[in-house]
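Shown next as structure tokens: one chain only, the form predicted alone.
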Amino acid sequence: MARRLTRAFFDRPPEELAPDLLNKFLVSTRDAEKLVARIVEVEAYCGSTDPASHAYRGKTPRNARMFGPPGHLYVYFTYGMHYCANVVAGSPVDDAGAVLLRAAAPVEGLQVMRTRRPAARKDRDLLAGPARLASAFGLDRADDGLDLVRGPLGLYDDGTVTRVRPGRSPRIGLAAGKGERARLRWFVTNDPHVSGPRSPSRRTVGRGIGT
């Protein structure tokens, strides 16, 4: 039986939490059909020490959820068209950190995901990217602050995935001077559902969506 992740699981720095979210299951019970996906790619954003983080310059109405208790969802709108979902991590007082859910492998509820993502040519493209993942799960700013420990959206560990050392690389799409060299992206190596490079030896720097 799958075990739902507890508040204590999320209550640690984002760079520690991020790799442990790989191969966990994102489960939504809000719809007529349950949605399930296995997380395969994440990025950590580390608050006031990280120029790529939305929390780098302090608390604002947009990023306020990042400063709240760990184990909640932080959802933001970007480029005037996309939503991205993040898991709030533990942070020092008056600081904030989060883990961006970059990609996942669909497991259950694929028909609902296909309906929400009609542009996806293949099922492996349904959740291959942070905006795609949020769209397939029907997440938007109304879900900002949703409790992942007690709400209708949660993260689970079924104990069946063998722990394998994840791939690691710099985060995707960051401009120069935004922490583009920090190796804060983790992914399941060679998984076809990963949105960016699937080999830990490759580096990607350029425009993209960050937290």
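From 1 onward, residues are counted along the sequence shown. Remember, predicted model here, so these are calculated numbers, not experimental data.
Another form, the form predicted in complex with the DNA, is not on view; read the next lines as being about it.
Comment: 166-174 is the region of 166-174, 27-35, 179-187, 143-151 lying near the DNA in the predicted bound form, near meaning a non-hydrogen atom within 4.5 Å. Taking non-hydrogen atoms only, residue 54 approaches the DNA to within 4.5 angstroms in the predicted bound form. Residue 93 falls outside the set of residues with a heavy atom inside 4.5 Å of the DNA in the predicted bound form. Among heavy atoms of residue 136, none comes within 4.5 Å of the DNA in the predicted bound form. Heavy atoms of residue 117 reach within 4.5 Å of the DNA in the predicted bound form, making it an interface residue.
In the predicted bound form, the residues of 78-93 lying within 4.5 Å of the DNA by at least one heavy atom are, in order, 78, 79, 80, 81, 82, 84, 86.
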